[in-house]
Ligand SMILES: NC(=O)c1ccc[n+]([C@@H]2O[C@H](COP(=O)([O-])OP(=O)(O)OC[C@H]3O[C@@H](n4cnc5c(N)ncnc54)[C@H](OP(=O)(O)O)[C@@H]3O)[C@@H](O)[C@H]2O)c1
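We begin with a single chain expressed as structure tokens, specifically the form predicted on its own.
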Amino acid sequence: MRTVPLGNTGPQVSRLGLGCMGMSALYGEADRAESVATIHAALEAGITLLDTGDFYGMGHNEMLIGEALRAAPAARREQALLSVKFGALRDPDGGWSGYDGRPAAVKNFAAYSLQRLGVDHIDVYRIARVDPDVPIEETVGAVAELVEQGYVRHIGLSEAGAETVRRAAATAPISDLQIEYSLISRGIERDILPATRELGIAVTAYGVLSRGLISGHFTADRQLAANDFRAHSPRFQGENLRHNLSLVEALRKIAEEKGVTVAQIAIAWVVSRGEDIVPLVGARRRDRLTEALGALDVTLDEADLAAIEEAVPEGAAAGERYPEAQMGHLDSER
């Protein structure tokens, strides 16, 4: 597994990271034993970056990762770098109540995460969504204090716009910005990616398969559980879904000509965007992980990239990437 630096100030990380959210929440039921086995397989394959959020399953995901790390061989356990998002407020019914970036809350969230994960430090710590009621300088400043105290190693951001990224970077060193980036979610290319590159901040790209939409495995007749995010996501509804799956079929033709899968060519495209972009793959099963890892063996030449651009041009997707209410929480979309 090749490694790359996570920005100018962050650690060396594997070329792919593992996003663990789906093992606990938002994509329907998951198999706990298979989830643990998938984390172990990722570590065995050389993946070092494990991404989670303290609100994924209201702490379930952190406890799951902690369980997997305790059961892993010591050498594998020690290679794991934990990226944790905080700040999202939940209620007992699983609803969402906003975000809290106050310094006291930041430290409270960290204390609980350290306990659930069973570790003495978090490698990269970031607020999941910018709290509009708290200056980003205060939130980042609180994480910087945790760095000074040894509880956090590096500071990240999530779904922050270019101006917010600049303000945060003026407050403390920022290793990376976690944000959605895929063939059908390319908004960061306008202002955000130029800003991160100017500042030496990496991008950890989530949603590289658009929650399975461009994986090549999703079908129009698939029935989604009520607790599956995609059942309410605009891109998975009606005519939007049919249009978006037509893009996938165009991409499939290119993938078949190269002898790879749709998922592999979609991940390889994100990898091709630059060494400062680290894709997070949300594999919940070992077979999906193996498929994703195969993307690292796919080389896209100029002809391939041109064909992909023609098949899935920028802005081709139908529907927003989140429901309207959630779009309002995205500093990156303002």
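This structure is a prediction, so every number in the text was calculated from the model and none was measured. Residues carry their position along the shown sequence, with the first being 1.
Missing here is the form predicted together with the ligand; even so, the following discussion is about that form.
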Q: Considering the ligand in the predicted bound form, find the one stretch among 48-56, 305-313, 268-276, 33-41 with heavy atoms no farther than 4.5 Å from it.
A: 48-56
Q. Tell me, which of Ala168, Ala263, Val124, Val203 has a heavy atom within 4.5 angstroms of the ligand in the predicted bound form?
A. Ala263
**Q.** Partner-contacting position among Ser215, Ser185, Thr164, Ser233 - heavy atom within 4.5 Å of the ligand in the predicted bound form
**A.** Ser215
Q: Report yes if all three of Val106, Asp176 and Glu198 come within 4.5 Å of the ligand in the predicted bound form by some heavy atom, otherwise no.
A: no
Q: Using a 4.5 Å heavy atom cut-off, state whether Arg76 contacts the ligand in the predicted bound form.
A: no
Q: Answer with yes or no whether Arg116 is in contact with the ligand in the predicted bound form, where contact means some heavy atom within 4.5 Å.
A: no
Q: Considering only heavy atoms, tell me if Gly10 and the ligand come within 4.5 Å of each other in the predicted bound form.
A: no
Q.
Is it the case that Ile136, even though its partner is missing from this view, gets within 4.5 Å of the ligand in the predicted bound form, heavy atoms only?
A. no
**Q.** Neighbours of the ligand in the predicted bound form among 202-219 [non-hydrogen atom within 4.5 angstroms]
**A.** Tyr206, Gly207, Val208, Leu209, Ser210, Arg211, Gly212, Ser215, His217
